[in-house]
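What follows is a single chain, given as structure tokens, in the form predicted alone.
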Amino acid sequence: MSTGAFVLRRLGVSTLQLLALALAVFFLIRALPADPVARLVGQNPTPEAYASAKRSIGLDEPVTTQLGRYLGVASGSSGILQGDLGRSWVSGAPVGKEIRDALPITIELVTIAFALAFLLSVPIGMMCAVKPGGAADRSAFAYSLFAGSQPEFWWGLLFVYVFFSVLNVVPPPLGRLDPMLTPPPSVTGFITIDSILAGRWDALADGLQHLALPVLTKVFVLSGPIIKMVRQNMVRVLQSDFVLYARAAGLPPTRIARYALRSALAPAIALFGALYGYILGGAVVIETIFSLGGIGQYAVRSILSFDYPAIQATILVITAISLFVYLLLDIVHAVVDPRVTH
């Protein structure tokens, strides 16, 4: 199978997965023992007020009619098939706009942290594999256990105490920018990119300073499992027959290391995708500690207020991003190891 056919097949599978998830979320949240209408009208409402609130959010209609409106297949309605995620029952604003405001915050944090963790962990994992049981290997193993011994919110609070309260080398954890600094015009939603596009180097420097601690927390927790995975794969590859043959043939060590790394990274790619989806879906803790206001906090607010359209849209968007990341990693995997397309 060609790479193009492989990508098309994965796109088709991802589309079916998204549709199945949309249907599952729609029915599951309506099966919960919750009353979103009571949340809107407050305590002791009159029957007329309760019925009016229920009618205003469309819960008085049959479930099949609600599903048709949600999907956008009902007459005169637009839904997720047309890209319309609906309106929030709490704020009344389009859910798509609210997600567009919150999502870039989380994507920027997660992507920078993931990239730095990858760039740091892969060389360390390779060094550990060269001399298993050596000082570097034992140190990396101890670091992995140490980094994963406490939840990430504890490390985030500890880093705030050390680097802000004690050393005072970073700004307070109060958002993405200094409140007294005018933010750059929003083009992409990413502070770093928007600051560069606007030529606002002061905003770029301040944004990076505010990102330092949340990124450090994520890198600290993420690097442990990546180091262990790369190390284990490299040890296995370095003991394989093709590496032994390459050494016997007199190939340069750098060339052998390049071949070994290519083989070792292939099985680790699945871990990278799973980790990205995990930290994307679990970013709410770090967002709360550092007052970032990303998609994680938006999701929690939506759940606590029983805002069905916002809950459905948030789950759908996060899943779509995760599937897109998996697709990209599958393409990288196919380039690294063409056998996966067969």
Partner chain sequence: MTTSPDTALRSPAVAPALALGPAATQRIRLRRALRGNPMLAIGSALVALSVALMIVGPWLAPFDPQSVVGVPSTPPPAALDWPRLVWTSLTGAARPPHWFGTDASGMDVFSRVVAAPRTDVAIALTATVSSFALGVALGLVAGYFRNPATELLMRASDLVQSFPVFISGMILVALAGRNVGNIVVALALLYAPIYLRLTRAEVLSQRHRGYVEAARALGNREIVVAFRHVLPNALAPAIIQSSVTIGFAILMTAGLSFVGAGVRPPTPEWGLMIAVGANDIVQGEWWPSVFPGLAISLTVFGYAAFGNGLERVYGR
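Numbering follows the first chain given and starts at 1. Quick caveat, the model's predicted, so the values are computed rather than measured.
Just so you know, the form predicted in complex with its partner chain exists too; it's not on screen, but the next bit is about it.
157 is the sole member of 257, 116, 212, 157 with a non-hydrogen atom within 4.5 Å of its partner chain in the predicted complex. Proximity to its partner chain in the predicted complex, defined as a heavy atom within 4.5 Å, holds among 185, 92, 151, 250 only for 151. Comment: 157-165 is the region of 117-125, 157-165, 92-100, 241-249 lying near its partner chain in the predicted complex, near meaning a non-hydrogen atom within 4.5 Å. Of the heavy atoms in residue 14, none are within 4.5 Å of its partner chain in the predicted complex. When contacts are judged by a 4.5 Å heavy atom cut-off, residue 281 counts as touching its partner chain in the predicted complex. Contact annotation: residue 137 falls within 4.5 Å of its partner chain in the predicted complex, judged by heavy atom distances. Its partner chain is not drawn, but in the predicted complex it has a heavy atom within 4.5 Å of residue 315.
Judged against its partner chain in the predicted complex with a 4.5 angstroms heavy atom cut-off, the residues 180, 272 and 328 are out of contact without exception. Interface residues of 19-34, taken as those with a heavy atom within 4.5 Å of its partner chain in the predicted complex (partner not displayed): 20, 21, 24, 25, 28, 29, 32, 33, 34, in sequence order.
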